[in-house]
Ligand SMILES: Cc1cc2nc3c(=O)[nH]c(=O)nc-3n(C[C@H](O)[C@H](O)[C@H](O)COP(=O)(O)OP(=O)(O)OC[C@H]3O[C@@H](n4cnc5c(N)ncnc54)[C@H](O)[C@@H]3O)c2cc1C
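A lone chain, given as C-alpha cells: the form predicted on its own.
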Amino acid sequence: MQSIIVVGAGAAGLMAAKLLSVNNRVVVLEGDSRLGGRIHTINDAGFSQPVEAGAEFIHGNLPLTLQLLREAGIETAETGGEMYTSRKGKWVDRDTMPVGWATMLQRMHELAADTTLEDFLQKNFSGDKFARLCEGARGYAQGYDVADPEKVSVFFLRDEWGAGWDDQYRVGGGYGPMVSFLAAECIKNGVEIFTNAIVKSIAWANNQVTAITANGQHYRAEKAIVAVPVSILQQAQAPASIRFSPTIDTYISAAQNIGYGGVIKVVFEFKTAFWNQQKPDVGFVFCNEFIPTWWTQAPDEAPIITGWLGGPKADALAREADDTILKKGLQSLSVVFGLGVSQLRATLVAGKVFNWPANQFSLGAYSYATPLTTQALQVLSTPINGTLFFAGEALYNGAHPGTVEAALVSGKQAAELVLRA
C-alpha cells in the first residue's frame, strides 16, 4: 500500500483519488473552499433552479463521463432548441458558414507543418475579399475554443472544426452531484480531503514527497499527482502557484506551450422566457454584440438565459466589476431582442457573473493546443522519477479537448501510471 497526495480536487484529481484509494492511502489537498474546480453548480443566488458557473454540457456521447454518471445514478437529457443569428436586432435562421470556409478547411488539411491560425490566415487568406472568412475563423476560435488566434494550432482547429457538431446533453441537477459522488466514493475508501489547503511548495526525492500549504501544514507521501489547472503551472507569481524543490524546469517550460483561455459567463433569470416571442424554440443565439453567444435551457422552458464571452476578450474584461459586466450583458440582450434595458431590468429575477479568468484557482477556463502542445504533452505525461505525476484536462490527448471528459480521462490515466510505477 502506497501513500499518495493529490493536489487539486477538480474532476481529474477526484477521479485519480477514487481509483487509487481502493488499495492506497490517499490525501487530497484543495486550495479552494469547495470541491470541483471548474465544475461549480450554483443552487442559490436567487435562481429558481440550479445553474452552472462552469462546465455545463456533455459534448457528445463521452464514455467515461456517461459511465460515471450511470454509477452515480444521475440522469442526462438532450438539449433542445434551434440556433439563430441576430445581426443588429434582425433575426435569421442559423447563418451558413462564411464563403470560403470549406476551402479554408481543405487548405488546413493540406498543411505539411503546423502553424498558428493567425499566421495561416495571413499567408492564405489576406485581402478584403476574405475579410468575413477571417473574421469568422478568428471569432469561432476565440468564442468556442477560447483560443488566441496568434497562439492556437491550425492542426488542432482543423480536427475539431472538421468533426462537426455533436449531440449536446445536460446533467440532471448540474455537474455538482457528480462531484459529490466522486468525493463520497473517495471518503468511503478512506481518502482524507482537505479544502482551503493551498499547496505552496512540493519538496520531493525518489518516493518521497512533502507538500507544504500556505498555512504551514506539512503532508508527506511516497508519490504525488499534481492536478491543478495548467495555468497554475504557467504563472509562477500567481497566488496559487506551486514551487518545486528540486525544480522541474523542463515540465514548467512544457506547460508554457499549452494554450489556456478564459471564459466569462453571465446568467440571467427573468419573469418570462421572452425570447420565445422572437422565434420559436430558441436554443442558441449568436450575435455581434459585446456578449456574442447566448443559450436558453431548451427544451426546458425555464426563463433562464446564459451569455458566454470567451478567449482574449474575456481575459481583457477579467478585472471589471461584476456590475459592469452584468450591465454589458443586459445591453447585449437589449439589442438582440429589441427590448429596452429598463424593460429587461423590470422583469429581472436574478443575475450572476462567473468570471473564470479572475478566479485565483483557475485563472481561466480550459485549454487548447498550440503548435508545440504535442511535445509538451509527451513531457507532462511522463512521471518524474516515478514520484511526481501530472493530471488535468490540459494533459488530455484525444477527440474531446477542454471538456469534463478530458479531465476525467486524464485523472484515470495518471492513476494508472501511479499503479504501474
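The structure displayed is predicted, hence computed values, not measured ones. Residue positions are given as counts along the sequence shown, with the first one as 1.
Keep in mind the form predicted together with this ligand is missing from the figure; the text below concerns it.
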Q) Quick one: of V199, V266, V282, L117, which gets a non-hydrogen atom within 4.5 angstroms of this ligand in the model of the complex? A) V199
Q: Let me know the one among A240, V191, L121, A298 whose heavy atoms come within 4.5 Å of this ligand in the model of the complex, would you?
A: A240
Q: Consider I225 of the chain shown here, and say whether it contacts this ligand in the model of the complex, taking contact as heavy atoms within 4.5 Å.
A: no
Q: Answer yes if any heavy atom of F390 is within 4.5 Å of a heavy atom of this ligand in the model of the complex; otherwise answer no.
A: no
(Q) Can you tell me if V404 lies within 4.5 angstroms of this ligand in the model of the complex, counting non-hydrogen atoms only? (A) yes
Q) Does this ligand get within 4.5 angstroms of any non-hydrogen atom of W294 in the model of the complex? A) no
**Q.** this ligand in the model of the complex: contacting segment from 382 to 390, 359 to 367, 66 to 74, 41 to 49, heavy atom within 4.5 Å
**A.** 359 to 367
Q | Those residues of 15 to 36 which, in the model of the complex, come within 4.5 Å of this ligand by heavy atom | A | L29, E30, G31, D32, G36
